[in-house]
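Only one chain is included here, represented as structure tokens and corresponding to the form predicted on its own.
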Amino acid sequence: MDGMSITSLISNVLAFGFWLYSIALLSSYLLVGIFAMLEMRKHMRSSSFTDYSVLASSSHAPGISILAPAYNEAATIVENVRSLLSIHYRNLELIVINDGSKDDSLQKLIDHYQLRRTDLFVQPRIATKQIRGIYRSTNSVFHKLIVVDKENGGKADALNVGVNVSSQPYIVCIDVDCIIEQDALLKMARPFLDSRDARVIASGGVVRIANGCEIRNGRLVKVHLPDAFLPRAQTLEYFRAFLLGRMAWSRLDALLLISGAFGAFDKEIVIACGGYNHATVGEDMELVVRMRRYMEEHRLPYKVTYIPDPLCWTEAPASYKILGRQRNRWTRGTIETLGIHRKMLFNPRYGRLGLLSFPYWLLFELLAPIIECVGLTVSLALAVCGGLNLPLFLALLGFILSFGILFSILAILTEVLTFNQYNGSRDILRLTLTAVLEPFLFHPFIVWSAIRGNIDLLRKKKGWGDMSRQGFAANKPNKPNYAKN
């Protein structure tokens, strides 16, 4: 064989391999869309018969403890706590964990909510950093509020402190700077009440992008589509991830991830599993996987459910710098979680988790950026050497791009036909245009950030990095969110 023939053979083999992988990936997306539609239809039908006002005032509603870790949140901490205290739910306690903030977050809470240090026995069911003080309000209006001051230990440690302090059987873990819908807890509590044949150990809720929305006194007043391209692209991305992806995995009872911004858990199982893991930056995903693994290994019937209603609103990174750090951390957290629980991969003992969820996350979430990067690099090298089958390459690339755009449009259509938060024709047009531009302006950066995450993991990089945000009000300064943990 001459050099040209060998180059051509390599080109054809690689092209065929990438073609097979692409077909498998796109087929999985197609199935995700189908399962998501079926599950969404089921949810919308069942929700139409639910009267949440009855649950709101019922003494039989399950007790819930909201755990809100805070680190250097002085700029918005008072407003955010006010928002959480206004949530409609009877059996509720709000636990704000000040994770060794270096600013005056704690003092602002003490002054505004009339807090006084109190002696409260805390059973150390999960090992944590030292608690420096526990505060409760002298004003009966804020009787649901508990503020814990502790040594800095990171978000996972702060949440574990909250678990130890909590007195209710269910915990809801949120980011303190998120905006929660008034009926969010009512909808999150429903799966725990409805299940009869299996124990619901965790339930996730939709997280939406709050950039551009009107926020007053800690409440969402009016929804607006972000004007900037980057938050708008993330809005579309969240449509695909939450309305399609997690709805489909919920229907398959194989959901591995509940967003750390808003998730509800059965506290007894959380404690039995040892709480949040300090050894990973993806503590939210790792806890869900560990809880599911615990239930599988003990042969206990259980469910992990998902609520598609828009329950939680958060600020998305508005700069490529901050977005890159976020996606870098997400990649490292995914790798760490799959590595910790690698025993489950292709293991029939864990049912659909081992045979379906884990392989999917490995092949189409973890390896997808690497395969895409390698594929483009090899294609470029073959093009330079004159060995690239250009018609086949362009056909495959065009097919993948077209499918991706259509999948995004499906996500937009799902939003319009269900919750329709962005109900203006102009907003729908802008989202559609974003879907067309995203593969060229947004996706390549996400792939590169994932590659950087792999590299940083090999370099044993720890921590979150500086995650400064602009805040919901234009006059509020940037603030770090677990910046140095």
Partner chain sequence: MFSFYLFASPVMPGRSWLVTAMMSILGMLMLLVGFILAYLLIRRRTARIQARWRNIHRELVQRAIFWEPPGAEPAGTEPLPGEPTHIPVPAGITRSLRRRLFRQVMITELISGKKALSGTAAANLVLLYTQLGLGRDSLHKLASKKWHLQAQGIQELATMEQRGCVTRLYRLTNAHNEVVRREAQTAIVQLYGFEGLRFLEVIDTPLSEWQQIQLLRLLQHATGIPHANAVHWLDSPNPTVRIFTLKLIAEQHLQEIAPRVLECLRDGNESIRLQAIRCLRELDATDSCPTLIGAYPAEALAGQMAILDALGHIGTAAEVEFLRTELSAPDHRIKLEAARALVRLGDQGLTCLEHFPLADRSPWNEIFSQAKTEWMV
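Predicted model, so just to flag it, every value in this text is computed and none were measured. Residue numbers count along the first chain shown, from 1.
Same protein, other form: the form predicted together with the partner chain, not shown, and the subject of what follows.
> Sort through Asn217, Gln182, Gln107, Thr118 and report the residue having a heavy atom within 4.5 Å of the partner chain in the model of the complex.
Selected option: Thr118.
> Just one of Val221, Leu300, Leu406, Cys385 has a heavy atom within 4.5 Å of the partner chain in the model of the complex. Which one?
None of the other options qualify; the answer is Leu406.
> Can you tell me if Asn152 lies within 4.5 angstroms of the partner chain in the model of the complex, counting non-hydrogen atoms only?
Result no; Asn152 lies far from the partner chain in the model of the complex.
> At 4.5 Å between heavy atoms, is Ser101 in contact with the partner chain in the model of the complex?
It does not: once the partner chain is placed as it appears in the model of the complex, Ser101 has no heavy atom within 4.5 Å of it.
> Does at least one non-hydrogen atom of Arg125 fall within 4.5 angstroms of the partner chain in the model of the complex?
Yes, Arg125 lies within 4.5 Å of the partner chain in the model of the complex.
> May I ask you to check whether Thr314 falls inside a 4.5 Å heavy atom distance of the partner chain in the model of the complex?
Contact with the partner chain, no.
> Please determine, with the chain shown alone, which of 410 to 418, 251 to 259, 152 to 160, 291 to 299 has non-hydrogen atoms within 4.5 Å of the partner chain in the model of the complex.
Flagged stretch: 410 to 418.
> Who in 194 to 210 is close to the partner chain in the model of the complex, meaning a heavy atom within 4.5 Å?
Asp194, Arg196, Asp197, in sequence order.
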